[in-house]
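Next up: the same protein chain in two forms, each one alone, written as structure tokens (structure 1, then structure 2).
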Structure 1
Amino acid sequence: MQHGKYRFIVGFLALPLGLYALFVVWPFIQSIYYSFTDWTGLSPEFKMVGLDNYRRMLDDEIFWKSLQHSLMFAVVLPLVTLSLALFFAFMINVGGRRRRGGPVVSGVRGSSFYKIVYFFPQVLSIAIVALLFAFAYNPDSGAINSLLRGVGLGSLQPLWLGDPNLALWCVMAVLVWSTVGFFVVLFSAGMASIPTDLYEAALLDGAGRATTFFRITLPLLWDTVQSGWVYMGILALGAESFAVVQIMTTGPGGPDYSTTVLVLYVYQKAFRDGQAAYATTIGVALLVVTLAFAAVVMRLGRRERLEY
């Protein structure tokens, strides 16, 4: 197998590696370098300014605000989303009525239907979902407020995205809506691989559904839950939150930076305010937050691995 091996390897790797290095790795390295300059992004000239950008960042009130929001995204969103998804997945896979003579573990009736429907939002573009909900949240003619009027709660007409205290929650709700289905399916796959004799034993011991869930399903699913948390957190810190926040709240809502997240702040500084160097500095902060987040989750979540 040696004949022409290296020529083949180089030939096959050159193009993918080249593209990847040029468009992903190189900009990534550059951005760290740029964070030590005063580059505006508009002209090719810039000079090194050392840690100036970092000092400025620490004094920047909006930076701290967006950091706070981003951390909320990384903690609250996965908590709500994964809890809901765990509940649904458990009901769909294990929570079914125990029929005599039937399988010990089964899902509720119509479980495959739920799995299909819940997954709908996952295939839609987050940008399109954000647009749709921006319309739904519209205080005057949106679907949500008119639904409230329809059921006799007409006195309750929140401004939703226009209310600085509500806007962030509205945005998060949309991300929950769009990602729960994915985790339902993911956890379902995990639950399917848990051996049924464990459930049988629990049933013989008279365990109810809550006990079964907390003593059997959750511990055995822990690895999946944990990687789900990291995955969701990275999404919530990055691309997904950019789309929802930028689309839903830069026009009508998010008054007074009440929904700005780090990733949006990077975008605004770089492409709206012409402060490319400062933007990359915030980007570096975002990278640090993301890595720290992943490390903390992995650390806190570490448990004795259960073999089965």
Structure 2
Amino acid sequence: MQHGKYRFIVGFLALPLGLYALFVVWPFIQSIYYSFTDWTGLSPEFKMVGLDNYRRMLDDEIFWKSLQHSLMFAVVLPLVTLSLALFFAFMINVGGRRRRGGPVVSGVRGSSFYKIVYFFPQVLSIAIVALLFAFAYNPDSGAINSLLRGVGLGSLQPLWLGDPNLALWCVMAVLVWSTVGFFVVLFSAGMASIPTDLYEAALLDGAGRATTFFRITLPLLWDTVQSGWVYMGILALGAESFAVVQIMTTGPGGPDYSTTVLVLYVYQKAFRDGQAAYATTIGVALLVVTLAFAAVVMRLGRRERLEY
């Protein structure tokens, strides 16, 4: 059975690895190469400029603002989203009270309906979600300020996306709303695989919901949580944050660069300003930030694997 094993494995891996190298690794290598040039993206002609783009990036105030906002996305969004998703998934699957004649461990009443409601935003395109919330945040005719006026809080009319102090938090709230349902379903699937015997034993010992969650559910679900944290961080640093900021904010990235993130800054430099080489330099910085984020999460989240 060992004869030809490695040729068999290589035969299956050759095509997918080749495609990955062509469409993922090679563009990264090209980006790093172009970051040492003055390429505009509009002409085939360019020359090497060494580390000039990196020196310019380190002196770029907007780059540092964008980096700060991206890091806030990478830290705050996974923390809030995964915390909410864990709470909702726990209540839907094992957080309900025991009902006469029913199973010992069950979710709250209407848990099947709640699963559909939480997952509904995943059905919508992120572009549609951003447009809907852009209308809702409109300070004059938006649903949020209209609701505030309707309940007698007409004096409280924030500008929302027009306020530099609120705009970034408004964008984050949209991303949390649009992504939490996916993780509710993911964590629900993980909780369904945990033996009910463990929960029943905890209930017999008098454990409450909080104790059950922190002593049973979370430790046995930790690998899924860790993977979700990395995945959510990559979304927050990449396409999801770009789409929402690009569609919802003024500028986009405003007001006064208060919502500019690295991936948006890359897009603006490459396609608006014709500075493709500088854009790839910022892209290299974004790659380093993303890899560092994933490495830190995997390192800090390392725990002894629990079997059940």
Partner chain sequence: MTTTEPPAPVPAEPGPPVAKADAPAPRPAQAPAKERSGGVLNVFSHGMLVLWAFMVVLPLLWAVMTSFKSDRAIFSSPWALPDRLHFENWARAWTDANMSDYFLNTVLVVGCSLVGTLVLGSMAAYVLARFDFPGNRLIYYLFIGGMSFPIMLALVPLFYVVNNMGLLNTIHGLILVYIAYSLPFTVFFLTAFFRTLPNSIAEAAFVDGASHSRTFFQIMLPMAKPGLISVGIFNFLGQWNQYMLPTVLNTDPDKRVLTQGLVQLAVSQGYKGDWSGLFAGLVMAMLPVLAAYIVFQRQVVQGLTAGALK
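Quick note, the numbers are simply positions in structure 1, starting from 1. Each form is matched to the other, and the largest set of C-alpha atoms that superpose within 1.5 Å is called the rigid core. It should be emphasised that the depicted structure is a prediction, and the values quoted were computed from it without experimental measurement.
Legend: structure 2 corresponds to the form predicted alone, while structure 1 does not. With the core held fixed between the two structures, A14 has its Cα displaced by at least 2 Å.
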